[in-house]
Ligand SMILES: Cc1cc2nc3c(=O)[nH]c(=O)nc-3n(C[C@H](O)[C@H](O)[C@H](O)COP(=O)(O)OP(=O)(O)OC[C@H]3O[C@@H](n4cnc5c(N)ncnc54)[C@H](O)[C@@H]3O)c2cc1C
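Quick heads-up: it's one chain on its own, the form predicted on its own, in structure tokens.
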Amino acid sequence: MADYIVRDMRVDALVIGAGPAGSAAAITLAGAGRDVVMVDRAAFPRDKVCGDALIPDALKALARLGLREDVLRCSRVLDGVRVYAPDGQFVDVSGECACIPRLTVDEVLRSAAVKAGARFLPNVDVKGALVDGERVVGADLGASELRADVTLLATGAAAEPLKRFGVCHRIAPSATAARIYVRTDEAFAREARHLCISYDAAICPGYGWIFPGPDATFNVGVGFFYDGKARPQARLSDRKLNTRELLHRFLDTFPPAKDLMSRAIDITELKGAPLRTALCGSALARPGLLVVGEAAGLTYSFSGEGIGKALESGIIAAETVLRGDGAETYAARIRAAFGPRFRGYKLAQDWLARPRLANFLARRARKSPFVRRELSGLFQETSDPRRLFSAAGMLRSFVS
């Protein structure tokens, strides 16, 4: 570290975390001429447990950053999402989407930030915040200090960085996910054209997924939400074990997963990670500090999707800084941009945790243009989930 940072170094912006949120902020700030340093506890490229899916919101944000085509060249472009109800019925929802390992997309984003002018420092363990009164003025890096006019915290779901910067409202995560990568032969992989999500009754409130990626590789996993209304009777201390067991159950009982595993050539080790969802668990900001991405709970309860929200929040944070606005303005912008959507998608999660209702919606989607349109709107983020997930929506599904 001493080769790169001198004590009391000062920059316009310090970005802690080089994932999608941090890199999007660094790209935007450095591209506008600001002096930006981005640090991360890992060296890149590095793996990150994730579903790897890019849905329309992520592709739109990548386009704003000028990176859409660069990312798509490294991705498996797909036709849409196939959603399975607990009874095995499925609904195809068309829409633009892709799948790319986080190992790859995060490196594309980090490299773009460096190309825009940001300095990147790997293997940095941030010890805590530097404060002047109530204002965060940088970070303590152990052997050195890095002072900044504004600090952006993009450290993901881990609670410890939030605690160190005085913004942690809840230590426990909202959910846990576990995934493996499975490689098959090219002929089998070519036939998979959808992101596949299964709302298995044994996993609710949660889901299993099979996402076809590049190079005949599939990202396969499960997400289990502790905040859901229909939680199975499991001790919270057994989170890691429960998620591992749920993944094995998913692989053994979900027919498309069983078929995939029977054709596996290579299977990676299982990895798990916590999730922070529903715009809760931390403060969004304090003077001198903006919290972005999953650190701010910007992952959907309904689907576990967070890459697009992370990118959007990084851009919003950078725009707030460039306009000279403060922490309160940033927090207000995030709540306005995401609050209604997150409440709506949390409602959708609660409804779909009821297997009979999920089965009913799958059946109605085959006959009701209204249901198909609303499900497509959920994927495209163009409709309010409350239009479908309400008593009025259920009644309308019978007549339109």
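Residue numbers here begin at 1 and follow the sequence given. Note that this is a predicted model, so its numbers are computed, not measured.
From this point on, the text means the form predicted in complex with the ligand, which you will not see here.
With the partner omitted from this view, the residue of 354, 372, 68, 48 that lies near the ligand in the predicted bound form is 48 [heavy atom within 4.5 Å]. Proximity to the ligand in the predicted bound form, taken as a non-hydrogen atom within 4.5 angstroms, holds for one residue of 183, 102, 286, 82, which is 102. None of 363 to 371, 346 to 354, 51 to 59, 333 to 341 except one has non-hydrogen atoms within 4.5 angstroms of the ligand in the predicted bound form; the exception is 51 to 59.
With a 4.5 Å cutoff on heavy atoms, residue 42 counts as touching the ligand in the predicted bound form. Although the partner is absent from this view, residue 206 stays clear of the ligand in the predicted bound form, with no non-hydrogen atom inside 4.5 angstroms. Taking the partner from elsewhere, residue 273 is found to have a heavy atom lying within 4.5 Å of the ligand in the predicted bound form. The closest non-hydrogen atom of residue 191 lies beyond 4.5 Å of the ligand in the predicted bound form. Residues are counted as partner-facing when one of their heavy atoms sits within 4.5 Å of the ligand in the predicted bound form; in 107 to 130 these are 124, 125, 126, in sequence order.
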